[in-house]
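Shown below, as structure tokens, is a lone chain in the form predicted on its own; questions about how it binds or moves come after it.
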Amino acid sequence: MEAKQLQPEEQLYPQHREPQSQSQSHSPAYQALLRAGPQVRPLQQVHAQIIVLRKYRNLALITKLLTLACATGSISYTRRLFLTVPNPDSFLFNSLIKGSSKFSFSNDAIFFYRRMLLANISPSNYTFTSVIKACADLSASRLGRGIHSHVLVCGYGSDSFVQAALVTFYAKTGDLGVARKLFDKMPERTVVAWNSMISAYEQNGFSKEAIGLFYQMREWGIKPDSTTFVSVLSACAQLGAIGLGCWVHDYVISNGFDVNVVLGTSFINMFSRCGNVTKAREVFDLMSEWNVIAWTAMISGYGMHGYGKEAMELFGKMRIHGPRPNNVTFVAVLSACAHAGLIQEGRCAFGSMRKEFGLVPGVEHHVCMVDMFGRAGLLNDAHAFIKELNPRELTPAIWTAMLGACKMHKNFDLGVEVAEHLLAVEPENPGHYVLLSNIYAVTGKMDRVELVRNLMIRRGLKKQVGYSTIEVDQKTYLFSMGDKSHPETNEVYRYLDKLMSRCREAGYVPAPESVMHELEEEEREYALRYHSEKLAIAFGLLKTSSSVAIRIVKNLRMCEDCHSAIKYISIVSNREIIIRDKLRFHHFNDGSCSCLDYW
């Protein structure tokens, strides 16, 4: 099949030009180009020789010169040189379009494509594959759709390489429906096409669909490659699907795949985000090379699990032996310090950004600092830090971090002030209303609670729906609060009721302030009992053996009641329970949590 697909590419040579291997490759000028390689000055010297020798009408030489010039990254030189060519042929145009697209000069790829059409030279599948990739990289939706029409007119609608490029294009421009229709209509799906569709689902947040398509790929007998696994591991990380992630790891090792820095970093992220930071570190230590992304991924993994000291130790090694830290690295470090209460270490790291590395702190770093001070109860320090920022740096995210700290440490006067400021600058965010309502409720100002709730109703705002996922036997199950859609709902609810009764006997008391305050006391307890993470835990306890840890992924921050209840569940069930919420990991074991109630 591959040989058949390459035939149109071979036909790009005009009839009057012999393939270079037969007539050009041994000429002195061509050999000089090969010696020059993708280096601007040597190429310009050879270019001068070509002019002196009056070889500038030799399209084979000029095409090679242009291709190497593009590979140097000097696209301006490439364009100037191209404009001196009197009669460029299809091979020259296609070489330029492919080179420009390959080296991320997407606008220039489109420029050469348009010049090709103006020269009345018909595009081939080779042309369309490259120019569609350029449109995808630019997210040029309207232009890409126009080129798709041209593909159909020219008769390349069933070409597998063009189809794969179109799948990627529609996926990158957000039209997954069209992408999937094209994919399903493909008569022959190469691994590239499967990868394009799997990646499209994963990058647009449809991780379950990405994994489902991966299973279908295996059923069809298509062998995955490293690119497939990078997308699948990212989907596993999003869903907390550690079973499939471990299968991929075993497959990669047993089949002799090269665990390069990209694939290795994908494993680090997957294991970290699925709750097994020890395994993530094993992967990190066995890698043959590390770039800044790999170091940052491992530091971030430690941080999200509350292992601040380990994160800082690794950061120290990176400063000595590793690549130069970047802004993302410092976000990971500062977040690790915030979650572990390492105030002095966080101050030093923040100060070193400018002094040692010349990096300018951004919004993310400021949020981490406010969060770090706030979690430690240093509200005055957090407030003072905010006051030192200029008005352009005072984003809603910074005030949100401050508001969370006020709620955590019950500084309600300051909390109300911060919340009202947030509502003024970001009135469409329902989370701010919920936090303000909770603060008013805890202080007993129920009239204010009603005002906030009514304001939300008038503005058509609703609290984000929470859900939790759990993986059992490599299948992911989703639960939402009060969810009764699962086929084993009755069994799950009965088990959860018994579980919570045992927790009550062990000392658990519901925290009714964690739910909407207009509910009656009995209704509050009902709402708390059937929060999504409790349902997922009950299902996990029912369906797994006593030696298996329960792993849950929740899309929102865990409420105080669930955090308290799960401590007791870990006692009465004698299980380790690992939950990844919106902010961090919680490892519950024998009645305590790894966050030390510091989240």
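Only the largest set of C-alpha atoms that superpose within 1.5 Å between the two forms is called the rigid core. Numbering starts at 1 and runs along the sequence shown. For clarity, every value in this text was computed on a predicted model and none was experimentally measured.
One more form of this protein, predicted in complex with the DNA, exists but is not displayed; see below.
Among the candidate stretches 373 to 381, 184 to 192, 144 to 152, 205 to 213, which one is within 4.5 Å of the DNA in the predicted complex when only heavy atoms are counted? Looking at the other structure, the answer is 184 to 192.
Just give me the single entry in Asn125, Thr400, Thr72, Thr173 that has a non-hydrogen atom within 4.5 angstroms of the DNA in the predicted complex. Flagged contact: Asn125.
Within 4.5 Å of the DNA in the predicted complex, heavy atoms considered, which of Ser100, Thr265, Thr469, Asn438? That would be Thr265.
Answer yes if any heavy atom of Glu310 is within 4.5 Å of a heavy atom of the DNA in the predicted complex; otherwise answer no. Flag for Glu310 set to no.
Mark Ala119 yes when one of its heavy atoms lies within 4.5 Å of a heavy atom of the DNA in the predicted complex, and no otherwise. Answer no; every heavy atom of Ala119 is more than 4.5 Å from the DNA in the predicted complex.
Interface membership of Glu364, the DNA in the predicted complex, 4.5 Å heavy atom rule: The answer is yes: Glu364 has a heavy atom within 4.5 Å of the DNA.
Using heavy atoms and a 4.5 Å limit, would one call Tyr77 a contact residue for the DNA in the predicted complex? Judged by the heavy-atom cut-off of 4.5 Å, Tyr77 is well away from the DNA in the predicted complex.
Going through 93 to 111, which residues have a heavy atom within 4.5 Å of the DNA in the predicted complex? Please give them in sequence order. Asn94, Ser95, Lys98, in sequence order.
Does Ser570 show a Cα shift reaching 2 Å between this form and the one not shown after rigid-core superposition? For Ser570, whose C-alpha is compared between this form and the one not shown after core superposition, the shift is less than 2 Å.
Superposed on the rigid core, does the Cα of Glu188 end up 2 angstroms or more away between this form and the one not shown? Passes the 2 Å threshold, so yes.
Large Cα shift (2 Å or above) at Ile550 between this form and the one not shown, core-fitted: False for Ile550: its C-alpha shift is below 2 Å.
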